[in-house]
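First, one chain by itself: the form predicted alone, in structure tokens.
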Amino acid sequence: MVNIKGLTFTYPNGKGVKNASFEVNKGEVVGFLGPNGAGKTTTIRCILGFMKGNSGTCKIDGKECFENAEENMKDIGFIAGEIAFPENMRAKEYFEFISKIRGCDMRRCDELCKMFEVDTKQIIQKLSKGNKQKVALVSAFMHDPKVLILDEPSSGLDLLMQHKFLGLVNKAKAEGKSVLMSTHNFNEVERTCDRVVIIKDGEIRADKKLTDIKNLEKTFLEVYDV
């Protein structure tokens, strides 16, 4: 469903992503691992069609991501590492706004709000980080997308909400969705992911099935020579 082949994007300072290749199949959750600055966010921005690579291809369901960004976004649920919301907007208003853009009804949204205990009457900017994260989760999943691109999705969530989130990801996998999850939480990866892709200095250094990894943390540290 998500296919990246030879993707290169170079910033003026020389950093970026270099000849990256990996895929996310239907019904698969892939953990995208690497410290800050490794190239994860750049790769994600190219998948979302926010940026176009200097070379290589980046496709969702066979369609080039940059050229078909608007069309592809109908099938994508996205959580950004740094979430920004409209000013002075209540959660309910925000969900209604997202619903109109995506052409979906509010039934799924209501179910998710109940699951994550979202107070839709509150102004989003006045919410705690954890509650803002719950708003982001609802907006990512509410239109039942085929592809989920999740950047630090459980950041700020308490233990109970983390558990609910992981259940939601596993349910999406069972329904045949494709999930790319960038996270620093190895426990999260071990409980949801089928494969892990490790990126270092903009290059993919490992792409392995989780069942082939005896110790995820050790494997990660070996890639980074720690």
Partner chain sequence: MFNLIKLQILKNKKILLGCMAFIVFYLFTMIMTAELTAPMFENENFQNMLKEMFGMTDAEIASMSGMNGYDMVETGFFHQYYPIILLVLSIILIGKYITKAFETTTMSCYLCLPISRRKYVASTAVSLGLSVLFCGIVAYLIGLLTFNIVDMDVNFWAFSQTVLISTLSSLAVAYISMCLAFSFIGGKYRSFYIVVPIILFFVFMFKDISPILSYLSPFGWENIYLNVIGCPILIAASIYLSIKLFKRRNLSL
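These numbers were taken from a predicted model, which means no experiment stands behind them. Numbering follows the first chain given and starts at 1.
Only in words, not in the display: the form predicted together with its partner chain, which the text now covers.
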| query | finding |
| --- | --- |
| Triplet 144, 157 and 168 all within 4.5 Å of its partner chain in the predicted bound form via a heavy atom | no |
| Contact residue in the predicted bound form, from 129, 114, 100, 126 (heavy atom within 4.5 Å of its partner chain) | 100 |
| Interface residue in the predicted bound form among 59, 177, 45, 195, criterion: non-hydrogen atom within 4.5 angstroms of its partner chain | 45 |
| In the predicted bound form, residue 87 touching its partner chain (heavy atom, 4.5 Å) | yes |
| Residue 186, heavy atom within 4.5 angstroms of its partner chain in the predicted bound form | no |
| Interface membership of residue 9, its partner chain in the predicted bound form, 4.5 Å heavy atom rule | yes |
| Proximity of residue 109 to its partner chain in the predicted bound form, heavy atoms at 4.5 Å | no |
| Per-stretch contact check against its partner chain in the predicted bound form, the hit in 23 to 31, 186 to 194, 158 to 166, 50 to 58 (non-hydrogen atom, 4.5 angstroms) | 50 to 58 |
| Stretch 65 to 87: residues contacting its partner chain in the predicted bound form, 4.5 Å heavy atom cut-off | 66, 70, 73, 74, 78, 84, 85, 86, 87 |
